[in-house]
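Below sits a lone chain in structure tokens, taken as the form predicted on its own.
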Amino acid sequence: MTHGAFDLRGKRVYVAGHRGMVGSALVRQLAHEDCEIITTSRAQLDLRDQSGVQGFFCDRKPQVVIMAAAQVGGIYANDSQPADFIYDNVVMQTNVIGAAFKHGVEKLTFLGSSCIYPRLAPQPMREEALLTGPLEPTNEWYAIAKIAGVKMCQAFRRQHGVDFISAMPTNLYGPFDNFDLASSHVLPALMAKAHQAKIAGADQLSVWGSGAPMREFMHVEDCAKAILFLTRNYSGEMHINVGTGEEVSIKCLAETIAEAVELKAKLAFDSSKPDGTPRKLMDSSRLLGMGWRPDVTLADGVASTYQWYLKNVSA
């Protein structure tokens, strides 16, 4: 692992996917830096359009690129739209990474996902677990696209000596999350269900599965800070896990959400529904070993996310 201080001051920083949950958090964090933030909407630039992406890089000349744009979704979306998930992600990241190389970008940080690891990877999952076993079948299309992005950064780095790195965030939540029950992840889905139960005066909140599986959750502002920390301080071929190193049961998560929502209903665990992987925790000791630490506790993060939900989604 090599460390090198990369100074963001005075740099033109392009955040691809700035309207997404992670991208918008990156823009908020970059506002504290002395840099020029470059963004473009999907209507202005389709990242699947290679010539459009090349033209954008030629015109705007970013010096730093953070690739946070992706086609994302929960289990149902991944399972029902496999072609979209593999095609859109592979093409978008190929275009951005290729243009970054061609136009002399000084630093590129590619964002992956914890789903790149084998379904039965030893827990907590270390970076070395990549490509050591079969993927989770329900999201392998997305995972393979993200693995291709990691490997592309490594390949460009190895062949051309460019400073392209990859970061793998754990399960994220926070402002601008997806709260649609048909396509959202567990935390926002439970929050939306708890809110609906509260409005309806329901006496119980149904939770999928047994409540026993263990999961790791990170507030998106912490994730954005970690990504900028790595962009400044890390320069190596190995992708880096970005997590808190802490895990909670789905039961504990549901209780934390119920408390934030001020829901008095009883939790009802629906064991006819799948639990998924029993445990999913990333080993973030490389990142934590560099001196970075998360700031937001789960209780505080869930409470602030619910307040954002009330103002922006449920209103």
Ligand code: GDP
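Numbers follow the displayed sequence, beginning with 1. Treat the numbers as computed from the prediction; the structure is a model and nothing was measured.
Just so you know, the form predicted in complex with the ligand exists too; it's not on screen, but the next bit is about it.
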Query raised in the report: Any of the heavy atoms of Leu30 lying within 4.5 Å of the ligand in the model of the complex?
Result: no
Query raised in the report: Just to confirm, Gly55 within 4.5 Å of the ligand in the model of the complex by heavy atoms?
Result: no
Report task. Mark Trp141 yes when one of its heavy atoms lies within 4.5 Å of a heavy atom of the ligand in the model of the complex, and no otherwise. Result -> no
Report task. Using the partner position in the model of the complex, report whether Asp275 sits within 4.5 Å of the ligand, counting heavy atoms only. Result -> yes
Query - Proximity to the ligand in the model of the complex (heavy atom, within 4.5 Å), stretch among 32 to 40, 275 to 283, 63 to 71, 259 to 267 - result: 275 to 283
Query - Candidate from Val105, Val207, Ile227, Cys153 lying within 4.5 Å of the ligand in the model of the complex - any heavy atom - result: Val207
Report task. Could you tell me which one of Ala121, Ala189, Ala77, Ile240 places a heavy atom within 4.5 Å of the ligand in the model of the complex? Result -> Ala189
